[in-house]
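The chain that follows stands alone, in the form predicted on its own, written as structure tokens.
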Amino acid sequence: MSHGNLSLLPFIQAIKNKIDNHADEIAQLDQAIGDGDHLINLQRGIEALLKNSEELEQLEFSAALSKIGMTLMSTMGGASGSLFGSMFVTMGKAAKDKPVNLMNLTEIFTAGVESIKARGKADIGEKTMLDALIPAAISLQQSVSNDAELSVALENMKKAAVDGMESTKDMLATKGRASFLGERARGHIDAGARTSQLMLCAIADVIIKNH
């Protein structure tokens, strides 16, 4: 993976396929404890990215990440639009002039996750997308410090995201609409954690396949 010519289109397409394949499940999760619009907002954002794909292909990696962030902010709506938007804009800044390798990607991704924590005023254990994103970031950091092979690092990251997503089932929610449900939110996986995990796994699989 060299700097500058990393095409983001295969990743966006893989994310679209993954989300579409799990659409019914995501909608049900969100209707159970969320606002019921997470899937529609997410699909709208992905469609907008695919419409802009030619322009994204022309941009250098950090500029493409920023453009994705701006596009998601303006098209997704809802809390997740501003959270994903700020994540990608932050990642775009963090990616500036950095070669694309595991260490830098880990740094870039971690910066994005930190921006969601700051903007959402949330942390791990609150039944949100961060319960998938933070373990994924920590897993990548551990792989970098252990000098792990790229494919091993990505498989570990996928497992961390899945475990984190599954852990939301037994949590009480303290953020968003689910926080008003109290005990009734228990027993349901958070839709944002599920979609975040699905997207991370889709991205990892594209890299593993093409590595």
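Start at 1 with the first residue shown and count on from there. Just so it is clear, the structure is predicted and the values come from calculations on it, not from any experiment.
Below, we refer to the form predicted in complex with adenosine-5'-diphosphate (ADP), which is not included among the displayed structures.
Peer 1: Can any non-hydrogen atom of Lys175 be found within 4.5 angstroms of adenosine-5'-diphosphate (ADP) in the model of the complex?
Peer 2: Residue-level check for Lys175: yes, a contact with adenosine-5'-diphosphate (ADP).
Peer 1: Any of the heavy atoms of Ser66 lying within 4.5 Å of adenosine-5'-diphosphate (ADP) in the model of the complex?
Peer 2: No, Ser66 is distant from the partner.
Peer 1: At the 4.5 Å heavy atom threshold, is Ala122 in contact with adenosine-5'-diphosphate (ADP) in the model of the complex?
Peer 2: Yes - in the model of the complex, heavy atoms of Ala122 and adenosine-5'-diphosphate (ADP) come within 4.5 Å of each other.
Peer 1: Is Gly78 one of the residues lying within 4.5 Å of adenosine-5'-diphosphate (ADP) in the model of the complex, judged by heavy atom distances?
Peer 2: Contact with adenosine-5'-diphosphate (ADP), yes.
Peer 1: Since exactly one of Leu130, Leu105, Leu72, Met91 fits, which has a heavy atom within 4.5 Å of adenosine-5'-diphosphate (ADP) in the model of the complex?
Peer 2: Looking at the other structure, the residue within range turns out to be Leu130.
Peer 1: In the model of the complex, which of 32-40, 159-167, 140-148, 52-60 comes within 4.5 Å of adenosine-5'-diphosphate (ADP) (heavy atoms)?
Peer 2: Going by heavy atoms within 4.5 Å, the stretch is 32-40.
Peer 1: Taking heavy atoms and a 4.5 Å limit, what residues of 190-209 are near adenosine-5'-diphosphate (ADP) in the model of the complex?
Peer 2: In sequence order, Asp190, Ala191, Gly192, Ala193 come within 4.5 Å of the partner.
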